[in-house]
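The chain that follows stands alone, in the form predicted alone, written as structure tokens.
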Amino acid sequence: MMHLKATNRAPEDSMDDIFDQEFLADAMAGLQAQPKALSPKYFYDARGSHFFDLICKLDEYYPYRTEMTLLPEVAKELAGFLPDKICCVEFGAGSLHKIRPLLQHCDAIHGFIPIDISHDHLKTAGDKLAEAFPHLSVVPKAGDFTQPIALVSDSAELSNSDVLSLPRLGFFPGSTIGNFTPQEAIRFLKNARKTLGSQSYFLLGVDTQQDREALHNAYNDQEGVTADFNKNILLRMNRELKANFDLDTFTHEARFNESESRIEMHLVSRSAQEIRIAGEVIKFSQGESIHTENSYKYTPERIIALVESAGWQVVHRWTPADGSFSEVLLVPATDSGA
């Protein structure tokens, strides 16, 4: 699931202030399209982030549990592929939970640059990490991790840090790469290569689960947490865009699209209805859905094809016995441009 936070405003703000214009424009464009769709980045207000944390603790949600079990093994072997000293750059770093197994088991990491869109949250998490690993130079960088980022710009702390002189290891854990379409994933990987430089490494988490029952259960948990997470985007529109969605008239549905090899999350209208949002009327027919998120599942062959299309090549892959997840170590392809 994608963890890229969008701007969120408090519900008590006046209506003149409450409309986030980007959110409004994206919501109207998505809901007026055929088929209807919304960007998953709008899941992540404070309430949505809380639900996602709960999802990660569910028995059914294998990606988080599997990766956290796999990462210590990866970290112990990772140093054998890296220079003696390296700076790790984590994209979409969030709360900095997944970097900890690498730091605990890989002595090659001397610098850490976490990138996330939320500056305050990132600074707080970075300070806590620096306390836990006092030998580590932690220099947070606020920005949109899907775009190329000049690590030396607009940050005196970063520009003056010696971590910039070290070779770089990109880190993109979780299954967030699966939230991008293949074309978007290729664009992200190309942009990451620009951020990291031509002499870099990249550790990429990829969901490789192919068991249909496991996939269904992971996105349709018995407690209904994923349903609450999905419907939270409707609550956000009610609160921030003066919409009037009745959550009880929409059903959470996660389905596997065989031809695209992806789980799709939808909110399905139980009846024909009209919704108002920022003064505009949006019509729904019975059974019509809002497509809220994709989660692509990659076979090893598809992973190789994806990263090679973006100018990277696979040098090693770690996979648990059940084959449900992979950590893939990449280096820039030798025949690619800088």
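Residue numbers run from 1 along the displayed sequence. If you superpose the two forms and keep the largest set of C-alpha atoms that fall within 1.5 Å, you have the rigid core. Predicted model only: the values in this text are computed from it and were never measured.
Keep in mind that the form predicted together with a small molecule is not shown, yet the notes after this line are about it.
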Worksheet item: Any idea which of 220 to 228, 253 to 261, 112 to 120, 76 to 84 reaches within 4.5 Å of the small molecule in the predicted bound form, heavy atoms considered?
Response: 112 to 120
Discussion item. Can you tell me whether residue 51 touches the small molecule? I mean in the predicted bound form, with a 4.5 angstroms heavy atom cut-off.
Written reply: no
Worksheet entry | Contact label in the predicted bound form: residue 98 to the small molecule, heavy atom within 4.5 Å | yes
Discussion item. If we define contact as a non-hydrogen atom of the residue within 4.5 angstroms of the partner, is residue 169 a contact of the small molecule in the predicted bound form?
Written reply: no
Item to complete: Decide whether residue 144 counts as a contact residue for the small molecule in the predicted bound form under a heavy atom distance cut-off of 4.5 Å.
Response: yes
Fill in: Threshold 2 Å Cα movement between this form and the one not shown for residue 247, core superposed
no
Discussion item. Quick check on residue 206: with the core superposed, does its CA move 2 angstroms or more between this form and the one not shown?
Written reply: no
Worksheet item: Quick one: core overlaid, is residue 144 moving 2 Å or more at the Cα between this form and the one not shown?
Response: yes
